[in-house]
Ligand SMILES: Nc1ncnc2c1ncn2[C@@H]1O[C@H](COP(=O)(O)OP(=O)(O)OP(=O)(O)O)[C@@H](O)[C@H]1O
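Let's start with one chain on its own, the form predicted alone, as structure tokens.
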Amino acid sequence: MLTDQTIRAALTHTLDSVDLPGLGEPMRGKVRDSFVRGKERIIVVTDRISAFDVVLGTIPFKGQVLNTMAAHWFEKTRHIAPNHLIDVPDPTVSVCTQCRTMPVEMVVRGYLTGSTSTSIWKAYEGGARVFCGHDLPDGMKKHHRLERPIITPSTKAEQGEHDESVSRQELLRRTDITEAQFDEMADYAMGLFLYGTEQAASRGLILVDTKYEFGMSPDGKIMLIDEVHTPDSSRYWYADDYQRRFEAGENPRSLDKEFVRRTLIERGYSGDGLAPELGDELRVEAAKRYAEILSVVTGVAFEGDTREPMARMSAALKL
């Protein structure tokens, strides 16, 4: 089990950036750094944390948790959608098929919730009754379960910019994605979400919403890429007291990085201007929550690899 002492000892040497001579210059995302090696992409999941489309700092062991959990779900969902994962040689490293990223995030939502300015709840609270082409009835409350899950595509903004939720029609107008490609990704996304919902329920959780990213492989096949059903891409609530809390107008107990978002909102930050420092206590609590969700969802206690990450990754990749 990951202890507070282990987490605090790791606060000063989290994996913020990647320097792996022999793999070339990294392509840096908000959380993942990747290197193209022939027909493969080496993805290193760092400890960086982003919210409101802004990189806020690092959380100890976060990269290991995300990479381990993504690999777990990639293996369990191959019967639903093909994916890019080939091998996991290190707790923070995945070797994947090199794909051309499709310019969309396929977001699937099961509940009327969210705290960001682009969330479905903020739109509804502001009077919107159509969201990304989906009609919403009057009289719903925050955290209300939708009649059925809906797909709300999102644009992929440059780092530092904000993603935008759009309709299928608007997404097709803005990108080179074809109708057939969009519908194939939508079918994969809904199948993955329904499967994830069943699996979460078996562990006493609600899969509230999630995002999926897809890429085009060299042979023209659409594949699931990036991550799947992790705390960074998905929102989970505990199921046992959801209804009671909903009826009382309380927030559900969550098991995801929404905790970090809510804390920052309470401090007056919601994505605009200079982000405040996370602080060690928030970083420790976030690390514990990331480890907890891996344990709850997969049933395996997270230990954490405390070895120096660069040497460990170099050895694993035989550099």
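Note that residue numbering begins at 1 and tracks the sequence as displayed. Quantities reported herein were computed from a predicted structural model and do not represent experimental measurements.
The following text describes the form predicted in complex with the ligand, which does not appear among the structures shown.
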property	result
In the predicted complex, the one of Ala291, Ile59, Ile43, Met69 near the ligand [non-hydrogen atom within 4.5 angstroms]	Ile43
His84, Lys142, Arg235, Arg168 - the one with a heavy atom within 4.5 Å of the ligand in the predicted complex	His84
Interface segment, criterion being heavy atoms within 4.5 Å of the ligand in the predicted complex, picked from 266 to 274, 281 to 289, 27 to 35, 248 to 256	27 to 35
Thr97, Lys156 and Ile225 each touching the ligand in the predicted complex (heavy atom, 4.5 Å)	yes
4.5 Å heavy atom contact, Thr118 to the ligand in the predicted complex	no
Glu213: touches the ligand in the predicted complex, heavy atom cutoff 4.5 angstroms	yes
Interface membership of Glu105, the ligand in the predicted complex, 4.5 Å heavy atom rule	yes
4.5 Å heavy atom contact, Gln181 and the ligand in the predicted complex	no
